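In the block that follows, a single chain appears as structure tokens, in the form predicted alone.
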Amino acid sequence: MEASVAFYARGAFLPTTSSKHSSALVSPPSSISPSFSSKILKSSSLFGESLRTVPKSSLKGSKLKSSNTSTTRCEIGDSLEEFLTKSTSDRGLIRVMLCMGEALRTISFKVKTASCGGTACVNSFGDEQLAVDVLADKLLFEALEYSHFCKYACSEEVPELQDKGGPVEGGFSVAFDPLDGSSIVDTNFTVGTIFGVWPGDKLTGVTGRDQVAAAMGIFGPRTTYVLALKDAPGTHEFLLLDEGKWQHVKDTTEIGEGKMFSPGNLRATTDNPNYAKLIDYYIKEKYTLRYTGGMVPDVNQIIVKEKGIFTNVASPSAKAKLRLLFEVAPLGFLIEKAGGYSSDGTQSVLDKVIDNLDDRTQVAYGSKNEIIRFEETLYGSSRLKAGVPVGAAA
């Protein structure tokens, strides 16, 4: 893997980055679109002065009381900063979401240009890491530190709390999966970053419903930043433009019925007959199979297409592998804010208490009727059943 890579921010090229986060400046390569500014932002950090220079003295009292009655309407075409400013009065949360957006830009560029050879690096869960995983992990930790509002952070690759120096009161704790689906980078499939934001200094003893924000970065033919805020309706998609800016392009507030399914962990059907029965139903009813092997694109398509079902079910021989803190709860927040539903078979995944950083669970995301069918097929009843017919529209 090459030692460094130039990346974009606010329409300009920023310093190159490497595993040591070099501060050397580079000129824009000739292959880059002329829409990029030739101005170099002078900075000793990875993220530039605009995200770095917040006086420590300004942190006290910078959190304003959140309001559910914002009078400013968010609009398609808004920049990320415009959208966040209209959506929340919490300046600390705005800064965290902007800094994570800066990191996602860089990760997107690195994924598109990375050497994908495996490394001998193994995380503490025993999963092999690719070099691009390691870089994404460092970028996100650094972004949270530069936000000045993150107290603790942890990732699927570094599953221990890291003190990022932010305040407890008015600050946040962030859990993230830096590159979900990294094993399919070499096949050029879509991959992504997932993160959830909790208030204060706790990431255990909390639930997914306690999140104040969640998001995912999707690195495919397009790069998008899909986010939801607790006090703002809907789930919102931002597109990364050529000049390096995030532009608001879509709102999702309802997940309807539709015959599209994404079945994960199919090996569980060999000794979980109820899961096998559910998959047989999808096939017999002629659902369209839309499964990529990556959780981020599979869940994102439910939000974008506004229909469908994603399942990942456990069995005696195929244990649950998806981590509640780093993956399941943040994506559950996005789905439910978009008007969909989530389930572990008996309850919303947002109601599951996160006892340990490594807690794992089975999960389904989708429309109401699909989650009813999921719960009834696996466990005989559904908490959501309210006398409505259970059936998907074609």
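Numbers for residues come from their place in the sequence shown, where the first is 1. A quick note: this is a predicted structure, and the numbers were derived from the prediction, not measured.
The following text describes the form predicted in complex with a small molecule, which does not appear among the structures shown.
In plain terms, the part of the chain that comes close to the small molecule in the predicted bound form, with a heavy atom within 4.5 Å, is 288-296 out of 92-100, 243-251, 288-296, 79-87.
In the predicted bound form, Ser183 approaches the small molecule with a heavy atom inside 4.5 Å. Contact between Gly264 and the small molecule in the predicted bound form is found at the 4.5 Å heavy atom cutoff. In the predicted bound form, Lys202 stays away from the small molecule, with no heavy atom inside 4.5 Å. Shown alone here, Lys321 lies within 4.5 Å of the small molecule in the predicted bound form, counting heavy atoms only. Residue Asn312 is the only one of Ser108, Gln211, Asn300, Asn312 with a heavy atom lying within 4.5 Å of the small molecule in the predicted bound form.
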